[in-house]
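Single chain ahead, by itself, as structure tokens, in the form predicted alone.
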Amino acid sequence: MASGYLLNRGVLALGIHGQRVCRNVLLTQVREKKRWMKAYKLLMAKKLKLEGPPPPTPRSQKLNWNYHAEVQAFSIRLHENFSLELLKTAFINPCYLHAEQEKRQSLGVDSETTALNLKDNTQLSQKGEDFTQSFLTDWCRASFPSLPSEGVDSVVGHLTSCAVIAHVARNLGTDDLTMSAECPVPESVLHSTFMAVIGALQESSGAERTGFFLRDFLASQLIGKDLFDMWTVVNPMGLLVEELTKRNIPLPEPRLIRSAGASTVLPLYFVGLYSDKKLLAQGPGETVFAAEEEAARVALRKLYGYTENRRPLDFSPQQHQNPLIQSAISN
């Protein structure tokens, strides 16, 4: 009887103590989120949906911006010895000067006061574009000697296109330093600015350093790129016949090697091209004609030395020889 009384008393005391503990926890509890936060976020989301995102602003209009220090940092980051005056000129586009001139005239100031004593990058851009075109052409001919002139022109055209140049320029931080009338900077303006940077590097450090720069940042864009993604060939079988005729090799004979799912929605055919009873190449396709064209493309890649398992391009300093630089300068 006494033991039962003590047990009930202990349970009662424990219950009272537990209630006190819970009561203390409830009194000291703190909400981490304010009550007005949910309504505020819903209001901001609705405002963003109605008005859209805010227009982008140039980096130069934000806080903690030192243009001279940024230009110096750009030169040091690339490990190149630029002339700072030429590099600053390379970032000034004609559209920026025209926009600034109109902005100052709209304030009612006379033309003499609104004149800008700045020089645009037109000459540097033209010089850099000419050097880039000639250097990459010679580099492609030296790296792929079996590639015809049409293929070389297509590869060089891909490397000097606005999309590739703008991709390289943005990853090097050129868009933050570019003085343009529009924000974000258009690809055409980035293209001319990057060419002006190349022209400034040629005048500052010479043709050899500029060749290294083009090899490292532009020629490396060929890594993982297929030849016929850059060079559009309408009739690959006809081109293959021409190339084999030049090399005095018997003409190819297409043969169906194997097929699967011919009576299904997704058939697959493999066609092989044989020359003098030797297999030149084979390719797949949804139709026999498509497989034959793909096999012709595979054979052309082998003839031109542009296969997927080819030897990697040599980007070491010994790759550039003086005749290559001199031929780029003479052009």
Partner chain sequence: MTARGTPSRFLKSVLQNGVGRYVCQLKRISIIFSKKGQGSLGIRDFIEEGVVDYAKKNPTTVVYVSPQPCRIPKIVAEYMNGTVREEIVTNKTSPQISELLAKMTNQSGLDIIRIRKPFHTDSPSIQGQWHPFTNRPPSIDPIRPKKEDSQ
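Bear in mind that the values here come from a model prediction, so they are computed numbers and not experimental data. Numbering follows the first chain given and starts at 1.
Here the subject shifts to the form predicted together with its partner chain, a form of this protein not shown in this document.
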#### Entry: Contact residue in the predicted bound form, from F217, Y96, W231, F144 (heavy atom within 4.5 Å of its partner chain)
F217
### Task
Identify which of L78, L244, L227, M237 has a heavy atom within 4.5 Å of its partner chain in the predicted bound form; exactly one of them does.
L78
### Query
Thinking of G173, A260 and F270 as the candidate spot, does its partner chain come within 4.5 Å of a heavy atom on all of them in the predicted bound form?
yes
### Query
Hey, in the predicted bound form, is R59 touching its partner chain, heavy atoms inside 4.5 Å?
yes
### Query
Do K103 and its partner chain share at least one heavy atom pair within 4.5 Å in the predicted bound form?
no
### Query
Does the 4.5 Å heavy atom contact test between L107 and its partner chain in the predicted bound form come out positive?
no
### Query
Would W65 count as touching its partner chain in the predicted bound form under a 4.5 Å heavy atom rule?
yes
### Message
Which is the contacting stretch out of 121-129, 70-78, 153-161, 182-190, given heavy atoms within 4.5 Å of its partner chain in the predicted bound form?
### Response
70-78
### Query
Heavy atom within 4.5 Å of its partner chain in the predicted bound form: which residues of 288-311 qualify?
E308, N309
